[in-house]
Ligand code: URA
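Encoded as structure tokens, the following chain is the form predicted on its own, with no partner shown.
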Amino acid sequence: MSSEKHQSATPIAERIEQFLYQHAQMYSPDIFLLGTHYREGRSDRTTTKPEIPEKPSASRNDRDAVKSIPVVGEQRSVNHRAQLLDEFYQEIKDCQKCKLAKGRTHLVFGAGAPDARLMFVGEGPGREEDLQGLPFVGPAGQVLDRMIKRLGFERDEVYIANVVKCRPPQNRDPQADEVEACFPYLQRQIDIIQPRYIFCLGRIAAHALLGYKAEMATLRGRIHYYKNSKVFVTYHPAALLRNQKLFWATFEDMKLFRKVYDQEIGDKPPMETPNKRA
């Protein structure tokens, strides 16, 4: 084949590969048979992997190696990361990139450990968060606090942020243009913190971070990837306030995370199963 023909065929092959990749995300990863070219080289928001490795393997890619530590850029000290986060907050605190800025009291940047292994990502601030300038401090935040505690963590050792940093009116879902304007801020936070694990709280956070839309039934119960972070998806704590039946499904998502965490790090006490009245 001539060089000219090869160049014209390459975009077609890539489009076919992308179609099969997206099809696998929406239906079943078992049909994705193309290897890692697109997954590793084409997007930060990557495919679902339902299998949990039981033992580390030296031959696995760094993304999958059980003992790998996510690195985006250079390794950074805790103090350096804290400094970078503070500088970034100062840079964006007066942001006017979308219409949400007009109605905010405070930009809700994020809070927690600058070197957190585990990061939680919600959709956007509510009323209390807007008033205080801190994420998840209202009723949904109390639910999240209990989730964090049951996972074996303290709130000050995780990091909590949202896809959009300003409160949508009447707590409506963030609109596409608002997510598009604000998402680079979340990307920058992840790049600074370099979390090993990310929990997406709700479909909007999952759609934004993973880069494709799917129902919660498809998103939950699997391991996804964003750059070098393993991503888990569960219901938003506010949804649990509206529908307590979602608690047990959320608990299954938490158990999946702890299974992975215990295999890879294993420094937390066993997670207790709550009784039916918890």
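Treat the numbers as computed from the prediction; the structure is a model and nothing was measured. Residue positions are given as counts along the sequence shown, with the first one as 1.
Beyond what is shown, the protein has a form predicted in complex with uracil; the following relates to that form.
Contact annotation: of the candidates A140, I148, L118, I192, the single residue with a non-hydrogen atom within 4.5 angstroms of uracil in the predicted complex is A140. Using a 4.5 angstroms threshold between heavy atoms, G126 counts as touching uracil in the predicted complex. Within this chain, F136 lines the site of uracil in the predicted complex, having a heavy atom no more than 4.5 Å away. For H236, a non-hydrogen atom is located within 4.5 Å of uracil in the predicted complex, even though that partner is not displayed.
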